[in-house]
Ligand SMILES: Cc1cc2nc3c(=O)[nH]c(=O)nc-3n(C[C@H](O)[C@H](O)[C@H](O)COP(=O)(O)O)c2cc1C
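Listed next as structure tokens is one chain, alone, in the form predicted on its own.
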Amino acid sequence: MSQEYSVAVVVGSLRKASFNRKVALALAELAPSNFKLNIVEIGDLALYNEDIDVEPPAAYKTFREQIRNSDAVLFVTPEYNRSVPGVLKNAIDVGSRPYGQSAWSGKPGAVISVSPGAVGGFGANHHLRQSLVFLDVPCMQQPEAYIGGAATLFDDNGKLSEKVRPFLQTFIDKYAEWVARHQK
């Protein structure tokens, strides 16, 4: 029997009908059976403030624990102003603190950016990767995943388009290989 892996999925959009959340859920369905993708919610995290981290809020503690208890981390993000949404950057900051106790360290990672625009969130994808280098998250390099035209990815019933399914299948299969190769 193959090893089971728990993957924390951090979605950078809080919108109820988020294309990014839909892609994250589609990836969970396409993942190998020994990979359990779990969305870790970030909407309840107060803006990071070292002063309140002296006695961390429950949401900070829960978030950090979920990241620490995962074997890997997958980021699915839109692009806001050629970068990641503030809520995602805040989650990264919360997970990286207190200094020297980062929940991210050593977790094999990957980034997929999803955008209604033609560029597919290229700026956000690469900006996020800069932070991941500092956080010691070995990030999968190939295949790169920039998905544009997000409004066309799902039909009216929320079913994934057959046009993008093969790419997402390749992405999640390669990510599974990446995670297995980079386990401590």
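So that there is no doubt, residue numbering starts at 1 and follows the sequence shown. Here the structure is a predicted model, which means the values were calculated and not measured.
The protein also exists as the form predicted in complex with this ligand; that form is not presented, and the subsequent description refers to it.
In short, of 114-122, 129-137, 30-38, 51-59 it is 114-122 that has heavy atoms within 4.5 Å of this ligand in the model of the complex. A residue is said to contact a partner when one of its heavy atoms sits within 4.5 Å of a partner heavy atom; R15 meets this definition for this ligand in the model of the complex.
A residue is said to contact a partner when one of its heavy atoms sits within 4.5 Å of a partner heavy atom; N81 meets this definition for this ligand in the model of the complex.
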